[in-house]
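First, one chain by itself: the form predicted alone, in structure tokens.
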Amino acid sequence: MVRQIKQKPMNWIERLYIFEAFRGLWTTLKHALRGLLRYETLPTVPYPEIKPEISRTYRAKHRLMLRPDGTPRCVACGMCATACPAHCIFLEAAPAEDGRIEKRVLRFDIDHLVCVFCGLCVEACPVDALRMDTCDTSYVFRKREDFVTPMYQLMSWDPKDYPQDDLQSQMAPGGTKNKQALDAWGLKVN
């Protein structure tokens, strides 16, 4: 159903447009003077000193999820690399020693210069091994090669930085649920 918005007809003063133009200029002048005279009232954040609050749902830098024993959750199925429209994910697989999975990942690299941060790789992952909830949005490197993030950097995150209700993150080594997860897996607790 089409929704029509009824507008009231313009009067003769509004049809001249000169008063409307001055009204727009007055609004611009008010905002400019506010920035010059009352700078502290502007809705800005002094970025390098104070970082803005970033939501966990924001698609930021990637991280590889870990199993309770510290190995990556990735089963090297290649669905993330296939779903990636920028073709920035590179992975190599090897047979797994663990009988629960068929393959394990040897190499998992993401080229963040090519990545468009669309999140399709996260959606395609069948085992929730890849996430984009690090809230890390700043990438500063001197060489192009440094923008390629290898597997060990994708796995170097701390469970303390993530909420307690994120059970998958808390089951990783160093998390609050790691001991229970190791017991459930039947592994020894050191």
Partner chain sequence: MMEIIQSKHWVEWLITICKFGFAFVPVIFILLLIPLERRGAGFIQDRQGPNRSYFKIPYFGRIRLFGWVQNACDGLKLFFKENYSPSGVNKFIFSIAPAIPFAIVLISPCVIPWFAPMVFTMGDEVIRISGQTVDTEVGILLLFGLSSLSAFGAVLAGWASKSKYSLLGGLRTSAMTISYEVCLGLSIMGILLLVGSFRIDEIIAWQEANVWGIVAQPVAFFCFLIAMIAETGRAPFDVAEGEPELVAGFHTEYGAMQFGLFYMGEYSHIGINSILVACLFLGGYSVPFVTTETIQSNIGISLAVLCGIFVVAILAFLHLLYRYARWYKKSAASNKQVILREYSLYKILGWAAVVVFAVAGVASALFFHPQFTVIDGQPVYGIGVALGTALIHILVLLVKAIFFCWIWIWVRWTLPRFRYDHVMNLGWKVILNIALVNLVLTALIAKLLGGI
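Between two forms, the rigid core is the largest collection of C-alphas that superpose within 1.5 Å. Remember, predicted model here, so these are calculated numbers, not experimental data. Residue numbers count along the first chain shown, from 1.
The following text describes the form predicted together with its partner chain, which does not appear among the structures shown.
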Could you spot which one of 56, 144, 160, 34 gets a heavy atom to within 4.5 Å of its partner chain in the predicted bound form?
-> 34
Let me know the one among 164, 156, 138, 44 whose heavy atoms come within 4.5 Å of its partner chain in the predicted bound form, would you?
-> 44
Heavy atoms within 4.5 Å of its partner chain in the predicted bound form: which of the stretches 146-154, 130-138, 25-33, 56-64 has them?
-> 25-33
Considering only heavy atoms, tell me if residue 10 and its partner chain come within 4.5 Å of each other in the predicted bound form.
-> no
Did residue 40 shift 2 Å or more between the shown form and the other one, C-alpha, core superposed = yes
Does the distance between the two CA positions of residue 15 reach 2 Å or more between the shown form and the other one, the core being superposed?
-> yes
